[in-house]
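One chain follows as structure tokens, the form predicted alone.
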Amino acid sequence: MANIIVLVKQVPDTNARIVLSGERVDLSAVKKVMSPYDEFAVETALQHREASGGEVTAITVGAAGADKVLKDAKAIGVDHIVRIDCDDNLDSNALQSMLASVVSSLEADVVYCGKSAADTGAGSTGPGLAERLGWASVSNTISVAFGDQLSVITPSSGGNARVNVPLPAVISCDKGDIKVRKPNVKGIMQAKRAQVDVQSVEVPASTISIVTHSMPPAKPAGKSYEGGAAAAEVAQLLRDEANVI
């Protein structure tokens, strides 16, 4: 019976328009959603439970507003939902230290997470957590088979590699051929009534501080060409400026 943990993160909707206010990103009016790669992690965790038995606990870090992402995970089938209460801006080291503390206390066998978060794209949470726990770790997995150890498929040079991973382990999930299940009415109603287990953990000092936010430079206006006479110039631009040929 496996004790399975899945990490989820609340991020701005990937279709949202990001604006700045006072040299800081203003997310006050932006819809928040579960980070897309975390959806694949939740699905993989549920498949693990179905194959091996046990329970799945979803964990997030944040203030009370982050409960929504936990309720979303509950609606599609996780057993328990835990929020590490923290409203600070954390760097990767501080975040991973807090997660390691809670994962250790829950005596988990395996942790699943998305390969990267949609807001930062760092991809460091899974490997960093594994380092702190002293566990095995594989990133960018696109398929997982369950047993006394995990057999995962992950991209490799020239194709895909199948890797046998001893437990305990941290697995960072990519899309692959995973089809994420949708919540049904029963799951949605259970999620609304579900109680979030709020835990307080000592917040390590962050070693990085954000000085300012700025938007990327505007893209230059596009160029259009017509007729065969422009073919040579287009080819030159594709080679010298766009670096695509």
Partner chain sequence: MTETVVIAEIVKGAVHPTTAELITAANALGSQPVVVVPCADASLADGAAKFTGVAGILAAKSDVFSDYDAAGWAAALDAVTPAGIIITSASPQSKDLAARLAARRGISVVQDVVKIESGNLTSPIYSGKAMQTVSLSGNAVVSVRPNVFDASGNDGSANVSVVDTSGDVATAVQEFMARASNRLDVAEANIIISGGRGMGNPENFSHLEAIADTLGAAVGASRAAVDTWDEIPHSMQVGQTGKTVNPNLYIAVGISGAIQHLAGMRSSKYIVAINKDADAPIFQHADYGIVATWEEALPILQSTLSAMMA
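Residue numbers count along the first chain shown, from 1. For the two forms, the rigid core is made up of the largest set of C-alpha atoms that agree within 1.5 Å on superposition. Since this is a predicted model, take the numbers as computed values, not measurements.
One more form of this protein should be noted, the form predicted together with its partner chain, which is absent from this view; the next part is about it.
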query	finding
Contact residue in the predicted bound form, from Ala75, Val103, Val138, Cys86 (heavy atom within 4.5 Å of its partner chain)	Val138
Interface segment, criterion being heavy atoms within 4.5 Å of its partner chain in the predicted bound form, picked from 189-197, 29-37, 44-52, 57-65	29-37
Non-hydrogen atom contact Met215 with its partner chain in the predicted bound form at 4.5 angstroms	yes
Distance check, Val185 to its partner chain in the predicted bound form, heavy atom within 4.5 Å	no
Exercise: Asp79 in contact with its partner chain in the predicted bound form, heavy atom 4.5 Å	no
Contact test in the predicted bound form: Thr14 vs its partner chain, heavy atoms, 4.5 Å	yes
Contacts with its partner chain in the predicted bound form - residues in 219-243 whose heavy atoms fall within 4.5 Å	Lys219, Gly222, Lys223, Ser224, Tyr225, Glu226, Gly227, Gly228, Ala229, Ala230, Ala231, Ala232, Val234, Ala235, Gln236, Leu237, Leu238, Arg239, Glu241, Ala242
Did Leu237 shift 2 Å or more between the shown form and the other one, C-alpha, core superposed	yes
